[in-house]
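In structure tokens, the next block holds one chain alone, the form predicted on its own.
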Amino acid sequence: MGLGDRVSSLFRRGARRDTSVELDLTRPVSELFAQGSSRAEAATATGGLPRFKATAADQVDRRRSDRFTAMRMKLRNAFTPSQPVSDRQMFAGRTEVLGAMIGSIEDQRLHLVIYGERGIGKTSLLHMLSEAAREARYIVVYSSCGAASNFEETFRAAAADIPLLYHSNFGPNTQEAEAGSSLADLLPERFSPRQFADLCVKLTGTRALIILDEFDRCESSEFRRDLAELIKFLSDRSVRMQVVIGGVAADLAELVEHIPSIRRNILAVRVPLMSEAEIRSLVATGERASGLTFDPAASDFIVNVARGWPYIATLLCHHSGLNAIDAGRGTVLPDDVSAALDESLLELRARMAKPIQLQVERLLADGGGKLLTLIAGASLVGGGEFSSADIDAASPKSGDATAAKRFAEELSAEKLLLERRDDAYGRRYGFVEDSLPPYLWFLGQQQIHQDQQVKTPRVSNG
């Protein structure tokens, strides 16, 4: 029996097909765009090549501007799916998480480990923490780790950002302080975590916050061990310096090795999915900043598809807002969100390796669309990796959940799209590429939206 036959039989064993919401996802994605996007059509209609609508200094080109140009520029800053939030006015939700982070640093003098999947909002949280710390006159050193990052290079750079005048042995009027020297000038060519901590014991008159983002990219186990030792030394000696680590991980042990030695010195925060109210707040914040209005049905559409992921909500708000502006409207409609799904599908598909694209197309052609949508929804609900319980939570019908669980097991066994992991917490599944869950989920939600449009045709007021 081939995989396509097994897909159909798995579903039949779980429940009878719900033909009212049949997912016809066998078309190539390119067919979704056969007529071209509204933005390309608008550029062509001018009779020339597309042009930038603003200068690099964010100034409007008045020769080619219209009344929506300023709104377009504001929208770009309001919803930035490809960049973290760095402006406090654009930050929405997560106030309780941010408050807990600040309290643990300020009141308990703990070090922080912030972890979770890509797109969950870790870096935006770290930017807000950095801004709050600078406002409180902390010295904040923000560093993004790379594959070759090592302890000495990272912390020498951090020491270079701490002026020597905050060293207890050097007053503000000393020659070294007046010359602009830093703590890095006191470090030997090679130094250990203990030597760095010994130097920082002399820190006075301020506090320092060292933020290491994307720590999961670091491939050196020695760096991880040295960092754990440093955190231990800083805590044991009450040094006025704290470390904040951020990175992608399913659990804390994946991100930081040697954790038993420093467990009582850190607060581990797994960034949760946003609540429905927080996603609505994100949309409302963008409305105020851009001047656009999201129709209640469009807002509901975005909230439903986002499933608590700020990246998804921001991506759909960004594209749907541009679609409304291109249509000469200040109100975002459900059709704009549907078009945004199409554009997002193209972006996500382009990130996938060709073999993965072919596997998806084959599974869709074999009738696996609905089950793939349910599994993708479970992945989003589970925050990345997912279990059978997450499939139950993402499936409205028990029969669908049963079929989806069997399908997930089959896919992982055949190493198609999914991989599985068994540990003390049970069996969990994960997609082999980060873009797969939103891609498959968007396909399913788009089809459901189109089916609903057919069932409830728009009533003309003419």
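Position 1 is the first residue in the sequence shown; the rest follow in order. The structure displayed is predicted, hence computed values, not measured ones.
Keep in mind that the form predicted in complex with a small molecule is not shown, yet the notes after this line are about it.
Shown alone, this chain has one stretch from 163-171, 228-236, 193-201, 118-126 that lies within 4.5 Å of the small molecule in the model of the complex by heavy atoms: 118-126. The partner is absent here, but in the model of the complex a heavy atom of Glu214, alone among Asp295, Glu385, Glu343, Glu214, sits within 4.5 Å of the small molecule. When the small molecule is considered in the model of the complex, only one residue from Gly330, Gly146, Pro84, Gly103 comes within 4.5 Å through any heavy atom, namely Pro84.
For Met274, a non-hydrogen atom is located within 4.5 Å of the small molecule in the model of the complex, even though that partner is not displayed. At a distance threshold of 4.5 angstroms between non-hydrogen atoms, Arg349 is out of contact with the small molecule in the model of the complex. Using a 4.5 angstroms threshold between heavy atoms, Gly321 stays clear of the small molecule in the model of the complex. For the chain shown alone, Ala132 is not a contact residue for the small molecule in the model of the complex, no non-hydrogen atom being within 4.5 angstroms.
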